[in-house]
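Taking the form predicted alone, here's one chain by itself in structure tokens.
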């Protein structure tokens, strides 16, 4: 595969899986203390990674869960935040200004805090009660964070009596990195073909729902816009027919991210519409990838990580065919704002 290191990928994802025992100790300690609700706080791609888990908790568990954008959260005076709240924050660098400020804000209000990050001795890891650290770089950070969150969120739900299959689920996560590589390999020709056809495309619509909505949001904003400077609109499938559909023409590029949760009918409806009105339709469907060894009942939870691992290949080929590095920025962390 183009610009892909199997060894590096397995090291990063393996590091996340190796945190299982530490995560379980943290969760068990938190349950001894008790908490009444859960906040998932981050900025940009980090908060987008939380959106599927907010959906999963709210559709699986009785724990009240709130995914919040860090910069807004510290100004909002959220009335559900208290010393009885559990707050999970995420920043790969551990230095994201808005997320660090949110961590301080939550600590000042007595909440219990967990930080998911890539480095010790950085502000986020130093501030939170429980840092969960696995080194990763931008290319595989999303998969690393999601693997940490699968253990963390599902252990929380298990302890709450909502997910009795945790042990079997966590055991199957051990083989998931290899299965994700197989998915990447199968998707590789499609990723290259997409990049060849769409390398000069000026505008995309990216549509998701349920557990893939966060991926639609982050891929539009954090990759196509931030890393490739392509104008992109992310749309939730449930809202597509309340405005955005009017912009669809036969030459409008639409990228649909189809998962396997309860909201799949919403994506099917958008797909049926797109097939009629545009000639530029791309569908990434997690059902197309076998994930041998993963139980059918768990697949709906894994849709976001399967989607993100495929989108990584799309990004690499766009970078190559457009001759536009995924690392270059005009403004982000480059100028004062």
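Residue numbers count along the first chain shown, from 1. Only a predicted model underlies this, so the values are computations on that prediction, with no experimental measurement involved.
The same protein has a further form, the form predicted in complex with a further copy of the same chain, not shown here; the description that follows concerns it.
Contact check at 4.5 Å (heavy atoms) against a further copy of the same chain in the predicted complex: none of 28, 100 and 183 pass. Proximity to a further copy of the same chain in the predicted complex, defined as a heavy atom within 4.5 Å, singles out one entry of 173, 245, 111, 127, which is 245. The contact with a further copy of the same chain in the predicted complex, taken as any heavy atom within 4.5 Å, belongs to 262 out of 262, 165, 137, 83. Annotated contact segment (heavy atom within 4.5 Å of a further copy of the same chain in the predicted complex): 226-234, selected among 144-152, 226-234, 112-120, 85-93.
With a 4.5 Å cutoff on heavy atoms, residue 220 counts as touching a further copy of the same chain in the predicted complex. The closest non-hydrogen atom of residue 301 lies beyond 4.5 Å of a further copy of the same chain in the predicted complex. For the chain shown alone, residue 64 is a contact residue for a further copy of the same chain in the predicted complex, at least one non-hydrogen atom being within 4.5 angstroms. Using a 4.5 angstroms limit between non-hydrogen atoms, residue 69 touches a further copy of the same chain in the predicted complex. Residues are counted as partner-facing when one of their heavy atoms sits within 4.5 Å of a further copy of the same chain in the predicted complex; in 305-337 these are 329, 330, 331, 332, 335, 337, in sequence order.
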